[in-house]
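Okay, here we've got a single chain as structure tokens, the form predicted on its own, with questions on binding and movement later.
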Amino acid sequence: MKELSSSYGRVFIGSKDECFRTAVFLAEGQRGRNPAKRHFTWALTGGSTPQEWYEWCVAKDALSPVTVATAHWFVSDERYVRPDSHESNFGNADRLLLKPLGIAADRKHPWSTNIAPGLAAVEFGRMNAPWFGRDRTFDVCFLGMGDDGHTASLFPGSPLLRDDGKQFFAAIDVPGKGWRLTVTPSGLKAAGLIVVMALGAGKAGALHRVLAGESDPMRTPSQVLKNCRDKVVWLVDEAAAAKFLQG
């Protein structure tokens, strides 16, 4: 894969299969960096590309037996819907990856969507603090990026981009989209490794705005990753990188 540097993290450009394999390699490497750590936590994300990656992981038997046997699984953000909904990020991860791998229920940690959104965000941080450790969130946090430059549930204009109160997780009522539960900018800074996967020509404009455009996270939320760029890796294919490579 081709590697480029940016103000928003390392950028790796390759085929979809290379991006999928590198995503596994990076996460497995993060797990191996601190073998004495009691728990390894991995937050997945939503969207069509992650769902394709889940199916690829199962078909390729891509995850190591140690990871399958010991990792604790989360999602970095969630729609305020039941887990059995096909709109649920955790529900889709469970159906396509966790259940096929035989992950035990006590290592699955969905957001609560049967209590008020604000309470769900507080509960998520409080209940999972023992897995994360002090002043930490996920060991590995997977993210996607929308055509509008959003990541997790940090959309353009979100008040969380201006001030998240130094909370790691929050509930936010997104205009036109309803309630979302999400890791915050502070929560991203407290993660161990952040992997952003952006594939396809539909992501080319947003990727160019993030990596080469004017710095304005309120308009292009993925630019908040500049604050933790030393732990961010972008995995993109040639189609998504086309505009950025043209300069």
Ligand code: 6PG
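When you see a residue number, it is the position in the sequence shown, counting from 1. Small disclaimer: the values here were computed from a predicted structure and weren't measured.
Heads up, the form predicted together with 6-phosphogluconic acid isn't pictured, but that's what we're talking about next.
At the 4.5 Å threshold, heavy atoms of Pro185 stay clear of 6-phosphogluconic acid in the model of the complex, well away from it. The shortest heavy atom separation between His72 and 6-phosphogluconic acid in the model of the complex exceeds 4.5 Å. Although the partner is absent from this view, Gln30 stays clear of 6-phosphogluconic acid in the model of the complex, with no non-hydrogen atom inside 4.5 angstroms.
When 6-phosphogluconic acid is considered in the model of the complex, Pro117 lies well away from it, no heavy atom lying within 4.5 Å.
Checking 22 to 30, 56 to 64, 208 to 216, 39 to 47 against 6-phosphogluconic acid in the model of the complex, the stretch whose residues place heavy atoms within 4.5 Å of it is 39 to 47. Taking 6-phosphogluconic acid as it sits in the model of the complex, the stretch 189 to 205 comes within 4.5 angstroms of it through a non-hydrogen atom at just one residue, Lys203.
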